[in-house]
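The chain below stands alone and is given as structure tokens, in the form predicted alone.
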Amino acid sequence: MAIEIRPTGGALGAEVLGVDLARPMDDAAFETVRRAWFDHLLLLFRDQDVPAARQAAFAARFGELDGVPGWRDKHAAGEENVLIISNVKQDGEALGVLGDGELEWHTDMSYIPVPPSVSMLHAREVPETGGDTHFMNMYAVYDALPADLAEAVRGRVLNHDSSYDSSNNLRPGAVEVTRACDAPGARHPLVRRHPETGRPSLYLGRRKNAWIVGLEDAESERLLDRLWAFAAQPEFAWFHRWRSGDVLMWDNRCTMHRRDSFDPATRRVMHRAQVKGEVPLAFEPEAA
């Protein structure tokens, strides 16, 4: 069956038909998928039954596999590079991580010096309602910025707080932050250049304790509030309602995502693989 790329019609994303991820993919087919990923930022493969090892092998076609520090004991059986995202408990012990609560808008692991480029989720079990994921096109957000906001972010660097996760929970061993300018974490350009496409995107990461380096706290908060309010407009987002067997992969360098909460009495089990990225580089309009 020939590969078909079917855009979602939303701000980002396309469904890929004619691919069985449980089977090896030849170079020509992979290049078709890779180009579609660059074009659409997010790809959806429906009705997949992919063993964890095959998911890891497919993700590794995009680069070196990456683990998540502190969660090494929550990986799929026999595959340490596939993390379990789940609310399910076995004998009182959590099977995976991130539970059943809402996860706020974020870019995966933007708080480390070299954030991942690819995140890939395989839905093994999903509840009938809830637990769905929203995605944001950060190319489109940057391209649509009003002139004053575009000028305000030019050349700016953002500190991405590492002390809290996307559920607003303090990470183990972290100290509560009272001033954003004192938050630990990595500093990245507020407008980053995609290493493959060359396109600029707004790189917001997470809202909590974010700080625009060099600005007074109040000034940083005002500008970030404006940027987040602008980015949160529905025209920049696309919503995915999960079905069992879905595989969804997205580009962390130019997207953000958030998750709806769901009934803790239901089961949700996802397998996640991710790929190491690059040190984010600033976009220089004059060099474009």
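Numbers for residues come from their place in the sequence shown, where the first is 1. Given the structure is predicted, the values throughout are model-derived calculations rather than measurements.
The same protein also exists as the form predicted in complex with a small molecule; that form is not shown, yet it is the one meant from here on.
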**Message:** Within 4.5 Å, heavy atoms only, one stretch in 96-104, 153-161, 189-197, 140-148 touches the small molecule in the predicted complex. Which?
**Reply:** 96-104
**Asked** Does the 4.5 Å heavy atom contact test between residue 133 and the small molecule in the predicted complex come out positive?
**Response** yes
**Asked** Taking heavy atoms only, is residue 54 within 4.5 angstroms of the small molecule in the predicted complex?
**Response** no
**Request:** State yes or no: in the predicted complex, is some non-hydrogen atom of residue 242 no more than 4.5 angstroms from a non-hydrogen atom of the small molecule?
**Result:** yes
**Item:** residue 257 within 4.5 Å of the small molecule in the predicted complex, heavy atoms
**Value:** yes
**Item:** the small molecule: the contacting residue among 121, 210, 177, 118 in the predicted complex [heavy atom, 4.5 Å]
**Value:** 121
**Prompt:** Which listed residue (183, 126, 85, 76) meets the criterion of a heavy atom within 4.5 Å of the small molecule in the predicted complex?
**Reply:** 85
**Item:** Non-hydrogen atom within 4.5 angstroms of the small molecule in the predicted complex for each of 15, 40 and 238
**Value:** no
